[in-house]
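Just the one chain here, the form predicted on its own, laid out as structure tokens.
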Amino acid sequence: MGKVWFVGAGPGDPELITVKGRGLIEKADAILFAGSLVSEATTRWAKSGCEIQDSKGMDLEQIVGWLIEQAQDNRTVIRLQTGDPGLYGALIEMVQPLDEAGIEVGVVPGVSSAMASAAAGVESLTLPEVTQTVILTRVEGRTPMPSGESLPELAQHHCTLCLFLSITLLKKVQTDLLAAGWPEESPILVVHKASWPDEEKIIRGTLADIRDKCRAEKVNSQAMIIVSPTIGARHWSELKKSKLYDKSFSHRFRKGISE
């Protein structure tokens, strides 16, 4: 049996794949990439003769069947997934049948669109004495949310929220955040296709107007919504600084200097 690697392709820019992920692509015998979300350019490092297949028209059974068939030829097989395989990637659903077939599995993490979106907007998801917590979640749609994880419940923490798979539910986002006590002027960052060359769109707004701005830009898919009290901090006149770099702060590499 060969080995199947689940490789995070990152958010879109082919150069944001990890060095390990690229190395596996270079030696792979077969690659199944999620063409609806992963740029085909990410497969450009594949060797001549590598079998490359787009899975966008395949269901779970067909995907798993393809991976098993390729691995039975003692190949290095890659399932190339958007972002990080462990986030909204159906990883375990694919791994279980491979385990049953006795096929070895490995996972290579990737850059999440949450991080790429923050980078695109030059934003920090955490700031001293503003918020130290980031929640990665989604709005309930066809997939129900577990008890205790609804957006109104999570939003009551008033920390950073990175909302995946929710751009078509912006009206619900507005309603749920208002219900959780977020003011209408709360800043929101929406990034469509973060890091995708020539396709990235950065939309800034408030809880009150972000839906209208996204509709005006015709953004209705592949977008990350970041709601955070840290948004826009780059332009704040006052900022609480990190203790780590304060000259009076001592740690094992530097002795603080008292004024």
Ligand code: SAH
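Source: prediction; values computed, not measured. Position 1 is the first residue in the sequence shown; the rest follow in order.
Although not depicted, the form predicted in complex with the ligand is the subject of the following passage.
Does the ligand get within 4.5 angstroms of any non-hydrogen atom of residue 31 in the predicted complex? No.
For residue 43, is any heavy atom within 4.5 Å of the ligand in the predicted complex, or not? Contact with the ligand, no.
Does the ligand come within 4.5 Å of any heavy atom of residue 84 in the predicted complex? Residue 84: contacts the ligand in the predicted complex.
Contact label in the predicted complex: residue 67 to the ligand, heavy atom within 4.5 Å: Taking the distances in the predicted complex, the answer for residue 67 is no, it never comes within 4.5 Å of the ligand.
Quick one: find which of 144 to 152, 164 to 172, 97 to 105, 180 to 188 has residues within 4.5 Å of the ligand in the predicted complex by heavy atom distance. One stretch meets the cut-off, namely 164 to 172.
Going by heavy atoms, what in 187 to 208 lies within 4.5 angstroms of the ligand in the predicted complex? Heavy-atom contacts to the ligand in the predicted complex: 191, 192, 193, 194, 196.
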